[in-house]
Ligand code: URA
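In structure tokens, one chain follows: the form predicted on its own.
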Amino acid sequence: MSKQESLEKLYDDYRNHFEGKEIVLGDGSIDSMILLIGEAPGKDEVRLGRPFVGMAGKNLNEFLSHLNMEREKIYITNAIKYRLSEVSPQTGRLKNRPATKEEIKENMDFLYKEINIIMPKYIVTLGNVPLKSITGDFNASIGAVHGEIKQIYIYNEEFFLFPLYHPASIIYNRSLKEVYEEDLRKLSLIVSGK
């Protein structure tokens, strides 16, 4: 079975397992050496059927410009591939909500299988949820490990993990911008082999 066929089968299994959810699957080059993992899709992602579009897409474009890479050259997915939402008491409309520990656990096996099909060299996690998903450590905190490369194993395959703050966190906490940009500089040097 080809890489593409394996991925399609995995995604069919995912759709069946989480039937009725607003699902957005991975996107990009299946032969990329970089796999970017976010938390979960939001309303723009669901509407357009692609991860990291809308405001998140603007953040992603800034990320890619630091690495001198095009979106088509990397693979982008989420730790949880369906929208996490709840009704806002103020507006009565759906709004995004944080992932629960159970939701992270229920999605981990699918994420690990996806990684082992893509087989990137580098896994870049954006924020706490993907970090916890990849490490299986629910006490892990992006503040403690951001910008540090770490060797990890998933199903006996070796990868390099590079955790980053989620780009959206900079919107809420401007003081993180310099830290985030410094981490991106580090990642750029690692990826370019300098």
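All residue numbers refer to positions in the sequence shown, first residue = 1. Computed from a predicted model, the values in this text were never measured in an experiment.
Another form, the form predicted together with this ligand, is not on view; read the next lines as being about it.
Proximity of 40, 52 and 166 to this ligand in the predicted complex is complete: all three residues have a non-hydrogen atom within 4.5 angstroms. Interface residue among 161, 140, 67, 56, judged by heavy atoms within 4.5 Å of this ligand in the predicted complex: 56. Only one segment in the set 147-155, 44-52, 132-140, 28-36 has residues whose heavy atoms sit within 4.5 Å of this ligand in the predicted complex; it is 44-52. Contact residues in stretch 58-92 (any heavy atom within 4.5 Å of this ligand, taken in the predicted complex) are limited to 78.
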